[in-house]
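One chain is shown next in structure tokens, namely the form predicted on its own.
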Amino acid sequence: MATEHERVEIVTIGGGATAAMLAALILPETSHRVVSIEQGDDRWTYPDFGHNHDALAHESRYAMMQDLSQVSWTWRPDANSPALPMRQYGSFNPGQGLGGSMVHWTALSWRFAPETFEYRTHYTERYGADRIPDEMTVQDWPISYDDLEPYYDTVEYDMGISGQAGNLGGTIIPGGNPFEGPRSRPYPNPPLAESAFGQMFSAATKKLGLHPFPTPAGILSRGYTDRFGNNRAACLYCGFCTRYGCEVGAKTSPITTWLPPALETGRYEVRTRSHVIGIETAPDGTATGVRYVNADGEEHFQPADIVVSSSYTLENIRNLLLARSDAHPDGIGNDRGMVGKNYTYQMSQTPAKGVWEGRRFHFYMGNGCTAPQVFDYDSDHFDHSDLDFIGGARIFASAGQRQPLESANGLLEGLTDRQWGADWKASFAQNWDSVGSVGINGESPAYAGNFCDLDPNYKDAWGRPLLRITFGWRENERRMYRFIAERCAEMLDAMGPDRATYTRELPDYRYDVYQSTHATGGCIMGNDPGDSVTNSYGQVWDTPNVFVTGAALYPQNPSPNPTLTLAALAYRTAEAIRDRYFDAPGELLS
């Protein structure tokens, strides 16, 4: 018999970034209550981060990540192949615990380009409908860049983003990204210091006629006080950033920004070490709350007016698919079979790598945002008329945070005759801080054959099916990669390495190799329930008191990292719930 708690207005599945944002924006201006059910614990606080420079624990043993012995995912390259579970970390690094993945993120903070939001329309009108392959299921977003710009602006100031504006109200600003959409204000803080290798990259790409600019970072370049009254210190460039919590709070996370004002209301509760096992529904299909199991194995039920699936992308998809009842035989949001469709990822590769013999770049310092970017070949910023693909990639120099333990595997691959023996060891000792690369994050368009569903064979610790991912690259991405890889080679050559290696063909997608944590889609937003799971607020079409937050909403994945956009969407959803939903429960109209 489950213990039933007092009903609240909102319950969230997960206590990560978007849950904290909703609580921080809704609770101070209402009398509502929010409960978050979080599978991790609450140990990730600043005393724990102080001087915890343990690369073995964080880089190699994934101390801050989800426990794969309890919940994992399976993968297959196509629908005709068997699927196997991830038992050791590869593609993704989803976090767990108070604040979620945003506690250990790298903090790249991108706005998406205006054409991203009208993807199919843009390419069709510019190049013709025949340029989009038949299997490609890309579609326009239900909102535009202009709709989201005010929320981008607010989020950037709440987070204290460090960067250089490239387009202020339509005026191109030297030194910034000239391809970005117009912004209403500059960044609140100047960009982070540029790494030594980044300075080489900037100089070389400028000579090639390109437009390098500083990476916008959710890391403070100077002390900052946000509108909630949180006082934070500037980055130390300590070199322990990605996969670590920030010891001085310079890196934005729910712990630095949204949790304090939410908890201060006294009406926000995060129940940690608790795992949601199902969204419950009434006979009419309306969600009534969530059922969960705590650390002692005791079953609980939290009733709520609104259920928000605010988990990692893959778990958001699974949460809806598992919510089966007489009213929803195939899961919530899946009355038209759309849950799991348009699953996309991010093409993260290193096409060009070189060694500068004896030179020290100090890669052990800094963070993933201290290297510049080039967007000249991203999206449709270059003419595709005579090319055999659509899409593009952002290109960047190696960033900081390279530890000897973490970098040994593959650092000199392609640059030495072999990866073992006395000569290799000597070369590694000589050059581990002398190897730099030009990397990319590329687009991942949506295809009918890339999707997620429930695995018929593998189950989690509570006996529920794991999510099965069916995903692989298509010819469009292989052609795109060949083109982008040549551009990366040109940039690296202009930097004058002593030796270099190039990867000119896109390797097949592999589940066991880390590329990024940026899984997107599967619960996509749209204008019509026939081709989407939610409306523009993340409100599920067939169950209007269930909302989805995060990158699962994206119809396809552009090259920039997803976090700033999912935050802007969460702000927009929070505003709509706070100001409109409770006055007239039901579908939120744009």
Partner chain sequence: MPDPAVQAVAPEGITRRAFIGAGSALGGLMLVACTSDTLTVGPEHNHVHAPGESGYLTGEEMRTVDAITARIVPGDDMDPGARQANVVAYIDAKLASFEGFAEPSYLSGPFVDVIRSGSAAAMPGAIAVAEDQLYRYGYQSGVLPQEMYRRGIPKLDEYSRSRFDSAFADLAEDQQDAILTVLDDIQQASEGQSARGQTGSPSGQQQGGGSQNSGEMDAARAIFADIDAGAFFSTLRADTMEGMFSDPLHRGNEDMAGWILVGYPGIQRAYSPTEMLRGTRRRTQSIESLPEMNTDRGDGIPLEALQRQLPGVREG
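This structure is a prediction, so every number in the text was calculated from the model and none was measured. Residue numbers count along the first chain shown, from 1.
Here the subject shifts to the form predicted in complex with the partner chain, a form of this protein not shown in this document.
The candidate stretches are 115-123, 389-397, 497-505, 364-372, and the one lying within 4.5 Å of the partner chain in the predicted bound form by heavy atoms is 364-372. In the predicted bound form, no heavy atom of His384 sits within 4.5 Å of the partner chain. Proximity of Ser195 to the partner chain in the predicted bound form: non-hydrogen atoms within 4.5 Å are present. Interface membership of Asp417, defined by any non-hydrogen atom within 4.5 Å of the partner chain in the predicted bound form, is confirmed. Within this chain, Glu475 is remote from the site of the partner chain in the predicted bound form, having no heavy atom within 4.5 Å. Contact with the partner chain in the predicted bound form, judged by any heavy atom within 4.5 Å, is made by just one of Gln346, Ser202, Ser379, Ser274: Ser274. Ala429 is the sole member of Leu168, Ala79, Ala282, Ala429 with a non-hydrogen atom within 4.5 Å of the partner chain in the predicted bound form. Proximity to the partner chain in the predicted bound form holds for all of Asn52, Val270 and Arg360, with the criterion being a heavy atom within 4.5 Å.
Looking at 238-260, the residues that come within 4.5 Å of the partner chain in the predicted bound form, counting any heavy atom, are Cys238, Phe240, Glu247, Val248, Leu259, Pro260.
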